[in-house]
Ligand SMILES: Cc1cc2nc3c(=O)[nH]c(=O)nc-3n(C[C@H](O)[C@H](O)[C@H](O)COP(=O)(O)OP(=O)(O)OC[C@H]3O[C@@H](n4cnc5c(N)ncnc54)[C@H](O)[C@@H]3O)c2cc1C
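The chain that follows stands alone, in the form predicted alone, written as structure tokens.
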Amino acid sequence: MSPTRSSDVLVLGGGIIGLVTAWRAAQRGFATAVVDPEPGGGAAQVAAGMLAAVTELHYGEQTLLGLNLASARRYPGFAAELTEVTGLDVGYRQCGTLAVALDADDRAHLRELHALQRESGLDSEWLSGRDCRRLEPMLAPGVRGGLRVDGDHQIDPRRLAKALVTACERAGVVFHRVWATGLAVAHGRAAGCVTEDGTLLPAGQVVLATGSLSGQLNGVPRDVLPPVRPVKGQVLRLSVPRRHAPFLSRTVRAMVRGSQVYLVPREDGELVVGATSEEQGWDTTVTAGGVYELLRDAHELVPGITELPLTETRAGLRPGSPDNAPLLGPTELDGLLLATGHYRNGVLLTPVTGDALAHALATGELTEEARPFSPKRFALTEQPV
């Protein structure tokens, strides 16, 4: 086992969460390296990129809402900074979101969501079906009502990932394009990692940011391993020909027979349709059933979608946690920090995660807004009263 030059910070995982952590660490003066065979890959290549803190609100997740809103507020400045540093457009659009209902049950569900949003101090406007169709003429005639949320925006995760790789390179981050197979521990603290070719990469601090794989790394003490599981999502991409433009002006989402469906229009004519949510372990097969369900539900919402060319089908794995919230910051193992478990909010939480991890790497403490998401919350709940 041959060691290489030591880093101050070694980030395991080169998805958008690992990349933003590495970039922010390097900006703080840390000698930083990333271990990933394909930086910029992972779940970001499948994600739709909705920045939907308001329309993604769920009962029991008000604490997570605070973190989501904090990250959403950072996005305009974050996107502008990335573009300034890299010269790359990240596809950030302040286009707003329209959540609609197609039948009485869905309408009742949406009314309840609206009430929860109002109780939480969020800005959303209830619209009649006619008003929804005025905003988006391609919507089905049967739309029964909807919520207009101008503060829920979007970004292109693929462009975001590419820009973060470039930003890291320009900040001096070193990329080791291999798999990390094990955590190196010395004298009771994380000291680096071992790669698939047997190389030891020593480091002062290690950040585990390998998404749904975060609970699989050898060498991590059992009581420190993050309780993260893979949640499969299938997504479709279609192309809107010029003769059909503009097809949709904003993100449109709905509950159809109990299943969520969303349509995210890009400025370049791409239309992203998603997403299934399947507990299927590590399976990333695109299935006929998954494609059919997405197209069926999207067609009920926007009938004209069946005329568009289908350009891509993909499946990816979201990193789910027991409470659907991320695990951020120092663990019980000295020198090991986590940045994982973001589930359906990884893209949205990218700016706030980078800031929180950089602060923790520099000070040993989480920022106030990130403290409720310490990995130690799970260890504490398992201790006897």
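These numbers come from a predicted model, not from an experiment. All residue numbers are counted from 1 along the displayed sequence.
Separately, the form predicted in complex with the named molecule exists; it is not shown, and the next lines address it.
Contact annotation: of the candidates Ala26, Ala360, Val352, Ala48, the single residue with a non-hydrogen atom within 4.5 angstroms of the named molecule in the predicted bound form is Ala48. Among Ser124, Ser71, Gln205, Ser212, the residue placing a heavy atom within 4.5 Å of the named molecule in the predicted bound form is Ser212. The shortest heavy atom separation between Val235 and the named molecule in the predicted bound form is within 4.5 Å. Proximity of Gly41 to the named molecule in the predicted bound form falls within the 4.5 Å heavy atom cutoff. Residue contact check for Val35: one or more of its heavy atoms lie within 4.5 Å of the named molecule in the predicted bound form.
The closest non-hydrogen atom of Ala275 lies within 4.5 Å of the named molecule in the predicted bound form. Partner contact region in the predicted bound form: 177 to 185, out of 101 to 109, 177 to 185, 242 to 250, 130 to 138, criterion any non-hydrogen atom within 4.5 Å of the named molecule. Shown without its partner, the chain has His342, Tyr343, Arg344, Asn345, Gly346, Val347, Leu348 in segment 333 to 351 as residues with a non-hydrogen atom within 4.5 angstroms of the named molecule in the predicted bound form.
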